[in-house]
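Next up: a single chain in C-alpha cells, the form predicted on its own.
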C-alpha cells in the first residue's frame, strides 16, 4: 500500500519512523531490535536511510597511498524487503542522487518493483565527507527534482531505452522539505520554489527535516500552501538524547533550538538529563502537532527506539 493511500484513508494522525542500516558486518537483528518495541504503536511505514560511499587511503607496498572507495552501511533494498517480510508494514527506501548513474537508479527501481516495494523517498543526498560540495555522478542527477522526474517517467512506462516497451511502475514518491530552509538555498522563498518543482514533477508528499519549534512548521505549511504546494506535509521529529546532540544537531542539520528548550538543555549535566528533556519536549511538540491535524508524526530514531517508545506512550 502506498504512503499517500495510508494518509488519505487515515481517520487520525498516523505514526512512522526512520532507521539507519546497520554498519557493515553487523546482523540485521540490530534493526529488528529497534523496530520490535515500536510495533505496538502500529506504524504506517518505516523509512530506511541510504548512506554515501566514503574514501579512505591505504598505504601500498611501494609506499604510495591508494584511494579506496567503501560503504560503511549496506544498501536499503534488502533491509526493506526483510522489514516487509517480518512485520508486514510498508518500508520506504531512501533513493539518492549522489554516487549513482541514471541507469543504476533505474535498475534499483526495477529491483524494488520486483520486490513489491512501491514507496521511495527521493533525495539529492549529502556530499561525500571529504568533499566540500555535492558532486553528482557524471551520468547521474544533480538535483532531487531530476530524480523525481525519472521515477515519474518510469511510472508512465518511459525507461532509458526508448525503443523497448516497458510496463509502467507505480511508485509513490516522497521528498524532503525544510521548515528552516535548506542550508544551500539563498532564502526560504527560493527553497520553496525548488520544493514546488519537486511536487510538480510528481512528488506525492513531503517529509520535513527535523525541527524543534512548531511555529516554524506551521509557518512552513502556510508558506507551502500560499506557493501552491498542496500535497501532505509530514513533520519530522527527533528526540534529543545526549549532551553531544546539543551542539551536533544545530551544526550538522542547520537548525535552531527555541529559547525555552535551550534553557532546559543548558541545565543538563548528563546524557540522562538530556534524554529526559528531549522526551518531554517531543511529547509537547507531538501533542500540539496532532491538535493542528498533521497527517503523520515521523520520528527520526537513529535506530534507537527507547525515547520514541516513551514519547508515543505519552501522546
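Since the structure is predicted, the reported quantities are computational estimates derived from the model, not experimental observations. Numbering follows the first chain given and starts at 1.
Beyond the structure shown, there is the form predicted in complex with ligand FAD, which is absent from this document and is the topic of what follows.
Only one of 152, 214, 209, 113 lies close to ligand FAD in the predicted complex, with a heavy atom inside 4.5 Å, and it is 209. Taking 131, 200, 104, 184 one by one, only a single residue has any non-hydrogen atom within 4.5 Å of ligand FAD in the predicted complex, and it is 184. Among heavy atoms of residue 84, none comes within 4.5 Å of ligand FAD in the predicted complex. Taking the partner from the other structure, ligand FAD in the predicted complex has a heavy atom within 4.5 Å of a heavy atom of residue 194. Mapping the unseen interface onto this chain, residue 34 falls outside it, with no heavy atom inside 4.5 Å of ligand FAD in the predicted complex.
Residue 171 falls outside the set of residues with a heavy atom inside 4.5 Å of ligand FAD in the predicted complex. Stretch-level contact check against ligand FAD in the predicted complex with heavy atoms at 4.5 Å: of 220 to 228, 154 to 162, 237 to 245, 93 to 101, the positive one is 93 to 101. Contacts with ligand FAD in the predicted complex, taken as any heavy atom within 4.5 Å, map within 276 to 311 to 300 alone.
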